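In the form predicted on its own, a lone chain appears below as structure tokens.
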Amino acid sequence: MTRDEAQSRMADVMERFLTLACRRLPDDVYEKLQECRDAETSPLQRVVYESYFENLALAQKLDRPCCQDTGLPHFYIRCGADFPFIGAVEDALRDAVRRATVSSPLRPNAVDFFTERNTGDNTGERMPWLHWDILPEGSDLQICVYFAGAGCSLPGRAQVFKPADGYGAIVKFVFEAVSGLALNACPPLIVGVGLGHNIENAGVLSKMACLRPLGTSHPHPKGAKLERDLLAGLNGLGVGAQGLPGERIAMAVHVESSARHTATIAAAVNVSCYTHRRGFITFHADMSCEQSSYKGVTL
């Protein structure tokens, strides 16, 4: 297969995958949303959740995105060093985004920063956003597609503390950030917390935390306990779906971390709304592919 053939193949598949991902929640998110609905005791909360599921059903029935804000397309890429078509990936993804803007349809959201003009096709300067991890071994290309909406993950928070502030400062920061972001983000949320050494590092980690499959935990026991404690604490705030009184502001809290400097503690928070539109797809060296987010779907 030539590079041009591989690029065309990837663009075709990714256009279909983008359409799928903007219309249907991944299975783990849908199932968790059902759990949240079933656990609520407030009649008002039950009405809100029923409207959520009605919206999701209509998106399938009418072949339309499940939220009017289809966000900005983000791609988080893990590429094995032996994948033969790495040079075709960016062009293929840009082409897929242009096509999906029409076929899905995706709302044109990309605005050139200095001309202040909408590009009309969700592409532009460094858009779609690509985050690369190059793996030293392997020949697979793993792509996480994420639609970053203006009411949820785009208005994140980040701050760097002194070690003297203590780890309690992180907890206070997370609560303040989630409380400030929640009303615009359509709870129940997925809360991503990044812990590291500077704002850039913590911010990326917080976004990657949001994208983790639900049901997974931080590998360190203290990190996993922090996730559980933050989830319990946030869900004790008395805020539920759509920011109304309820029992669950969050479906999950995920923490990702890195080593830090001796003199800094950096923390960042990103949140994703109940329409957490992210999907995982893998291309192999022969350009065959498989997706792992939606049961019963073949691309």
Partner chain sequence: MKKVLTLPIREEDIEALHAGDVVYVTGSIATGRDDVHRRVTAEGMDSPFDLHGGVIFHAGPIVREGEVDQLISVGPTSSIRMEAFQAQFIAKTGVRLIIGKGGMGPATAEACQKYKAVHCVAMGGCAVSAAGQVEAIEGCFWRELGMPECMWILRVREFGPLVVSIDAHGGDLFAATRAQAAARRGTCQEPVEDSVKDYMTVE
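Numbering follows the first chain given and starts at 1. Quick caveat: nothing in here was measured; it's all calculated off a predicted structure.
There is also a form predicted in complex with its partner chain; it is not shown, and the following applies to it.
- Mapping the unseen interface onto this chain, N184 counts among the residues with a heavy atom inside 4.5 Å of its partner chain in the predicted complex.
- Contact annotation: I134 falls outside 4.5 Å of its partner chain in the predicted complex, judged by heavy atom distances.
- A residue is said to contact a partner when one of its heavy atoms sits within 4.5 Å of a partner heavy atom; Q242 meets this definition for its partner chain in the predicted complex.
- In the predicted complex, R37 stays away from its partner chain, with no heavy atom inside 4.5 Å.
- This chain appears without its partner; in the predicted complex, the one residue of P84, G124, P105, G138 with a heavy atom within 4.5 Å of its partner chain is P105.
- Proximity to its partner chain in the predicted complex, taken as a non-hydrogen atom within 4.5 angstroms, holds for one residue of A250, C67, A266, L33, which is C67.
- For its partner chain in the predicted complex, the listed stretch (84 to 92, 126 to 134, 203 to 211, 150 to 158) containing residues with heavy atoms inside 4.5 Å is 150 to 158.
- For the stretch 34 to 66, the set of residues having any non-hydrogen atom within 4.5 angstroms of its partner chain in the predicted complex comprises L44, V47, V48, S51, Y52, E54, N55, L58, A59, L62, R64, P65, C66, in sequence order.
- The pair L154 and L130 is at least 3 angstroms farther apart at the CA level in the predicted complex than in the present model.
- Compared with the form shown here, the C-alpha atoms of P155 and A177 sit at least 3 Å closer together in the predicted complex.
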